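One chain comes next, on its own, written out as structure tokens in the form predicted alone.
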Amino acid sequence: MKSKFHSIYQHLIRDIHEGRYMPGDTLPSEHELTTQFEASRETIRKALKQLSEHGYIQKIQGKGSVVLDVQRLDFPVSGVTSFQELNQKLGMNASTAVVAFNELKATAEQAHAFQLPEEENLLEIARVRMIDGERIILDKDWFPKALVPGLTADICAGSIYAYIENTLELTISFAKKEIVVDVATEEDVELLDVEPGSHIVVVHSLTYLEDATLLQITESRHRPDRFRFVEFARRHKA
């Protein structure tokens, strides 16, 4: 069950994305928000704190909570976050289609990365992410089959991470990422709403469990016109 402050946080995100509050606008005061949402001031402050930490607002003394420019969907560079978690956090109108779910033998390169015997079985999963009806992300993932027993295509249409953490009770800890720009492949043109010759932002990720076991190799291919890849940082004085 979602907490009250998180529900308010998501409600305000939707208002920002839908244009109710434009960049430079000031959100209603804490007192007005407590009345609007029938919540305590402490709950409102928690929701505003999350908005600030995720780059939606800037608190300015004497002015209040000023809305920042979030016209494109902000995908964080750091952090290990599933698409479903981002969908909930950003209030996106999103859906997922599983276009491939295959069991195959690891290549020599994959076996080396996963530190597995060659030709160990992997699961290869490809999912198309749609936002507002447009196909804008192609996620391609590889997992050692032995690490994700019981994983199915139906589970992949939801959240693989939720299954890994809640059902398999494994702890996903950290990831290494590389971001490059590539020309759209034939597969991109077939599965995404892109034209031949378009550019694609590709995020290569290696995701690890808490014992440093490599869990997942990912190639995430994004249409660059719908996203900006950001790390929102605040300076904290010592």
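Position 1 is the first residue in the sequence shown; the rest follow in order. For clarity, every value in this text was computed on a predicted model and none was experimentally measured. Here the rigid core means the biggest group of C-alpha atoms that line up within 1.5 Å when the two forms are laid on top of each other.
There is also a form predicted together with the DNA; it is not shown, and the following applies to it.
- Report whether the minimum heavy atom distance between S65 and the DNA in the predicted bound form is within 4.5 Å. S65 belongs to the contact set for the DNA.
- Task: Examine P28 and determine whether its closest non-hydrogen atom to the DNA in the predicted bound form is within 4.5 angstroms.
- Result: Within the cut-off, so yes.
- Quick one: is T207 in contact with the DNA in the predicted bound form, heavy atoms, 4.5 Å cut-off? T207: no contact with the DNA in the predicted bound form.
- May I ask you to state whether S173 is within 4.5 Å of the DNA in the predicted bound form, using heavy atom distances? No.
- Where, among 165-173, 39-47, 195-203, 182-190, do residues come within 4.5 Å of the DNA in the predicted bound form by heavy atom distance? Of the options, only 39-47 has residues within 4.5 Å of the partner.
- Item | Check all three, Q115, E124 and Y161, heavy atom within 4.5 Å of the DNA in the predicted bound form | Result no, not one residue of the spot touches the DNA.
- Query: Just checking, between this form and the one not shown and with the core aligned, does T185 shift 2 Å or more at the CA?
  - Reply: Moves: no, less than 2 Å.
- Message: When the rigid core is used for the superposition, does E195 move between this form and the one not shown (threshold: C-alpha shift of 2 Å or more)?
- Response: No: E195 shifts by under 2 Å between this form and the one not shown.
- Message: With a change of at least 3 Å, which way does the C-alpha separation between F174 and L48 go in the predicted bound form: closer or farther?
- Response: Here the pair is farther apart than in the predicted bound form; there, closer.
- Cα separation of Y9 and M130 in the predicted bound form versus here, shift of 3 Å or more: Farther is correct, given that in the predicted bound form the C-alpha spacing of Y9 to M130 is increased by at least 3 Å.
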